Ligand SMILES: Cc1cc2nc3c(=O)[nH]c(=O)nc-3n(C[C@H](O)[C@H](O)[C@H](O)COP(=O)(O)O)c2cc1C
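The chain below stands alone and is given in structure tokens; this is the form predicted alone.
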């Protein structure tokens, strides 16, 4: 069975204080990990005040259903699919949903703004995938 990688970003509609947003992210992660684990989806998530960015990997149908659920979630708007491709190997196979950008100072979507301004016309799925992968590797080195 071939796995797929889906890369997207969306406008972040979380409201409230920094503490409330962090609690919302914790809730999102707990639910995502539980749901993803049950259907064999893995991946990584990061966010900024303006955007969520995520990579999902797994069986095509499970990834599609997961992405549909995300599109219906009121915490997201303006969802942009950047890439949906078959892959030989998963990059995030050890994480039902890794959360990246928390441990490395200032790294939430760091570097993307400088090169793309997070402009939908300029960012590619490959760039976003590589950034999340690199952030996760950097955080593992810190931990």
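Please read all numbers here as calculations on a predicted model, not as lab measurements. Numbering follows the first chain given and starts at 1.
Form predicted together with the named molecule: not shown, discussed below.
Contact here is defined as any heavy atom lying within 4.5 Å of the named molecule in the predicted bound form, and by that definition each of 35, 56 and 70 is a contact residue. Within 4.5 Å of any heavy atom of the named molecule in the predicted bound form lies no heavy atom of residue 48. The closest heavy atom approach of residue 52 to the named molecule in the predicted bound form falls within 4.5 Å.
Contact check for residue 31: a heavy atom falls within 4.5 Å of the named molecule in the predicted bound form. The named molecule in the predicted bound form comes within 4.5 Å of a heavy atom belonging to residue 75.
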